[in-house]
Each structure stands twice: as C-alpha cells, then as structure tokens.
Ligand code: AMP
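To begin, one chain is listed below as structure tokens, in the form predicted alone.
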C-alpha cells in the first residue's frame, strides 16, 4: 500500500501534459500560461503625467518663480509638446505625455488660475519629477513580465494586453467526467424512500472542479449493475481526458468498479493509500492515457481525495507551477494512533501576532460531510506519529488552493 507522498508522485509521473492551445485574451483568465509574455515596449512608454495641473521646468520653480504663463494644453492621447520658454508652463491632464522641457507637475489643487496664468501656492514645496511616472520604470521593452506556468489572473489580463497580445498559448482544458455509483443514491428534487440517500458527491466534485477552472465537466449517476457500468464508463472513457468515479471501489460484493475498469483496458497504477480518510482510492490510466480516479464513496473521503490528488494532478498536467503547502500552528493537541496519514479538517485564523492557526473540526465518520461546511481545508498529520501537540507546525491544504 502506498503512502500519500508516493501516491502523489505516482499520479504525477503517469499523467501526460495536456496539449497547448491558443486562447483569445477575453477567455484567458484562469487558464495556465504556456508561453513567456514579454513587454512590447517600455511601460510606461513615455514619462506619464500623474495629476491634472501644470507641467513646469523644476529649476525655474526652484529658483523662486511661482507664477507661470499657460503656453499650451497637453491632453492624454496627444503627441508630446515642448515647453519653449522655461518661464512658462503647459497645462496637463492625467495620463498625458510629460511635455519636453518639463520635469515637474504641480497639481491643480495647489494652483490659482486666472486668465492665462497659473500661480503656485506660496507654501507649496515639491521636487523634480514629482507626479511623473517615469518611462520604463514598471518594465522595459523585451523584458519577460509573465512566465510559463502562471495561472492568469484578471490583473494579468491588463499586463498581457499592455504587451500587445490579443491571444496567448495556454494549456488545453481537459474534458472531465464525474461518475457517481450506487443504487441507494437519489438526486435532489426527486422522490426519495426512507432507505435511500441523496446524491451529493457528484455535484460537490463538479463544483470543486469548476471552481478551479476545469469547466468542461459533466456528471452521470450509475446504479450498481456490472453491464450498465461497463457500457456507460466505456462511453465516458472514449469522450474524456479524465474520469473521476465516486463509490464502488472498496471490497464489497457490489463494488464492481475496479474489475470493470480492468475489463475496459484501464491499467491500475495503485489501489489503496495508507491514509484516513480515503484509504480505498484507486488510480489508473486508460488506453489513451486518460487519467482515471476512482474515489471512495464516503463524502469526506471523496472531497479530501479530490483536493489532495485530483486537483493537483490536473493543474500540473495543465502546466501550472505547483506551490508548497502553507504551514499552520495547531491550536490543540490531537491524538491519532493508527499508522496512517491523517487529513484532519480545520478552520484557520490569524492571531494578533500574525500567526496562522488551525482549529481541528472533527467529523462523525467519513460520511459526515456537513461538518466540512465552514472549514478552510485540512492539516496533514504524518504517519507513525500518534500525538500532535498544540503549537506544532503542520502542512495546511486549503480547499481552494491546490
């Protein structure tokens, strides 16, 4: 039986990268960049005025002149003008090119303007290049501003646009199919009998995937019929890059999933991980290297395994750079005696000293998904250690940041 680290490594080694595709800028947020983005030109591309007011020659101002004739007006978007007489000024607007011969901007709030003259407040002190955003101080022409492996944020859209790119190379979004198995499951809104339970794993898995940007995702519910499972899983396997199954993966008489997958040519990489929750997890590769994750049916196990293994694997195959887990201080002592890795749900907060602290939230078995509501993630309790004292540092895995 693999430990958690070895399971993650086996998955990473097995799944090939998703292809690269061109994505228009309007659809690029949330995608993983597969190219370097380099500056088209200096940013800003000129000395940029940062305040409405007047542009002056600083040495003239510093020499004692406070009243300037307004020789011209420089709007944002106009070609740069030149100050012919250093005793004059040019009226400027925010975003305009700083006129040649000027090296200081006086904001309009510190001026008294009458007719064609602007007078600076007597007690106003300034300095050379005040309220001027100097050319190239953000980045210079040709400089790499975004690297491959970066997940594109709305702020990055502005950067990419400033570099003149209307589209970028990004990792292709995988086609993901989520399959819930079990005779006992009934979808929300349908009539339900006392002996049945609501179908919850599938919708929550889809929501977790979509929230991480994997939007080509659909769900199917299959009862525990071997032939039906074989037919429907075969269809999904043909259409998808990634299959995520929930339930039917343990050792019961109705747990048909491992054998059905084997019959369909899905090669097992591993079955079972020495962890709690989620020990029965299964992972394999389809005939076209499709990633197949068969997760335990208990809801807490399903969600933890998806967050711990599925999401990081999909991000990695998309080309996203992985990041180290956060560390949090455990708020109270926890005793866990089995020789298994324990993923313990927690709520986190930052104390008055700026320390990130984790408060355990215990579940009433791995079927108690309601206890996960309001949690921020889970801490990882290492195998072969039975007592974790309050104050110890533990890896924190947040639900939203694989």
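Bear in mind the structure is a predicted one, so any value in this text is a computation, not a measurement. Positions refer to the first chain, counted from 1.
Below, we turn to the form predicted together with this ligand, even though it does not appear here.
S.K.: Residues in which of 200-208, 96-104, 129-137, 315-323 have heavy atoms within 4.5 Å of this ligand in the predicted complex?
M.R.: Correct option: 200-208.
S.K.: Would residue 121 count as a contact of this ligand in the predicted complex, using a 4.5 angstroms cut-off between non-hydrogen atoms?
M.R.: Residue-level check for residue 121: no, no contact with this ligand.
S.K.: So, in the predicted complex, is residue 125 in contact with this ligand at a 4.5 angstroms heavy atom limit?
M.R.: Close contact is absent here: in the predicted complex, residue 125 is far from this ligand, nothing within 4.5 Å, heavy atoms only.
S.K.: Heavy atom to heavy atom, is residue 216 within 4.5 Å of this ligand in the predicted complex?
M.R.: Although this ligand is absent here, residue 216 would stay clear of it in the predicted complex, with no heavy atoms inside 4.5 Å.
S.K.: With a cut-off of 4.5 Å between heavy atoms, is residue 286 one of the residues that contacts this ligand in the predicted complex?
M.R.: Looking in the predicted complex, residue contacts with this ligand do not include residue 286, since no heavy atom lies within 4.5 Å.
S.K.: Answer with one of 263, 332, 184, 225: the residue that has a non-hydrogen atom within 4.5 Å of this ligand in the predicted complex.
M.R.: Spelling it out, the residue with a heavy atom inside the cut-off is 184.
S.K.: Of the options 308, 74, 298, 212, which one has a non-hydrogen atom that comes within 4.5 Å of this ligand in the predicted complex?
M.R.: Contact check passes for 298.
S.K.: Are all three residues 275, 277 and 363 in contact with this ligand in the predicted complex, where contact means a non-hydrogen atom within 4.5 Å?
M.R.: Result no, not one residue of the spot touches this ligand.
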